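Take a look at this one chain, the form predicted on its own, written out in structure tokens.
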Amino acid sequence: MNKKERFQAVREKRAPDFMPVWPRVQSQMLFSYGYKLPEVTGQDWYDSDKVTAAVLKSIKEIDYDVAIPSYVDYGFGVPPLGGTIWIPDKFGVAAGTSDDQPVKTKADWPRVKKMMATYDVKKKDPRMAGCLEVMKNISAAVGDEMPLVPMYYVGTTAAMFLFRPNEAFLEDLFEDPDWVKDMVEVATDWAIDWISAQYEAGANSICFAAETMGTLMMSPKMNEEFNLPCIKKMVDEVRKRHGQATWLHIHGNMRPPKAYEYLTKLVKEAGVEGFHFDENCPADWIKTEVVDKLGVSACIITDGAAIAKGPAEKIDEAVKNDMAKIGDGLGLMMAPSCQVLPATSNEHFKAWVDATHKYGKYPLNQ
């Protein structure tokens, strides 16, 4: 099987030749190449040539099976709206948003909302334009054989990254929910346009939507109120515009009854095809309660910190143990708990991928 065929088998709950790996690599690919973030991006620029080289090296040397075909971070879209993103000058630290966000008070929102109404995601932010250029390059190089997934954030996460400092936004959820819903709606439309731009640039597989709050910062009831409608809208629009399904990355323990009820609604009402969890959801539970019971595919998780720390022998043993817990393994693939952490060495990264491919040969129960 090639990598597209391997991923398709997981989506259809058929047996691949071996379990594929979906690492959600972000800044790690740059650090492992020797770049610090200020060497590849600034507030208003993005070096497509350097990022292309790093992405291709990561894909070819580590040999994982599903890729986000560019370097992405939390700061896309923010500087043109009047905010500032944080670009650290150290190895092993990811870029992200700062407290200097575009919407510091509610009085700023009408101005920013008006700007969002005419925001061309392909032209307004030079960083986003550079990211799309990389996607074109990666698609031309490996798109015939590898799933390349567009990626962005949904709902409250997208609105928080684009508009408001984190703590202020979390307070808004309780103090001014109608305003939050307005910000979430605007951010969702923007996110859908950004995902569409990634498809136009060469993404060729499912949409990968990340929802980082999960049950860690919001209750299941709040998730149903603030996130479920916008996730459904994203799922529907991606299917309508591009004929593709959507997988959701979500944080937190989804095993308690109310959290599991929300998870069920994400499948039955929003139409999510698959899930990428974090380390709060063990492999055997994912297999029985998500894949078998809800009928959707999912990733089992190796803690990203364990991959970063190593050594290779411990990584190998952890993967072997997970494989022993998942029965036939159909409908499953391997992922890190969030992303391959920026400080992870390529030695440990590849040890994890190789162990998954070694112990994940099908049929697993023979």
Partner chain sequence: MSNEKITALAKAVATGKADAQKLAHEAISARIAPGEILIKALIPAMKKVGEGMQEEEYAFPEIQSAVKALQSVLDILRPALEGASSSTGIQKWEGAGELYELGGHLVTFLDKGAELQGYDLILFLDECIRGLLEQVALPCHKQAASTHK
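Residue numbers count along the first chain shown, from 1. Please read all numbers here as calculations on a predicted model, not as lab measurements.
The form predicted together with the partner chain is left out here; the points below concern that form.
Residue contact check for R127: none of its heavy atoms lie within 4.5 Å of the partner chain in the predicted complex. In the predicted complex, the partner chain sits within 4.5 Å of a heavy atom belonging to P257. Proximity of T288 to the partner chain in the predicted complex falls outside the 4.5 Å heavy atom cutoff. Although the partner is absent here, P220 lies within 4.5 Å of the partner chain in the predicted complex, judged by heavy atoms. Using a 4.5 Å cut-off to the partner chain in the predicted complex, each of E167, N253 and E279 places a heavy atom inside that distance. The partner is absent here; in the predicted complex, the one residue of G295, P177, P110, G92 having a heavy atom within 4.5 Å of the partner chain is G92. Note on the partner interface in the predicted complex: the residue among E145, D120, E269, E171 having a heavy atom within 4.5 angstroms of the partner chain is E171. Stretch 211-219 is the answer when you ask which of 211-219, 269-277, 194-202, 131-139 has residues with heavy atoms within 4.5 Å of the partner chain in the predicted complex. Using a 4.5 Å cut-off on any heavy atom, the residues of 335-358 that reach the partner chain in the predicted complex are, in sequence order, Q339, L341, P342, A343.
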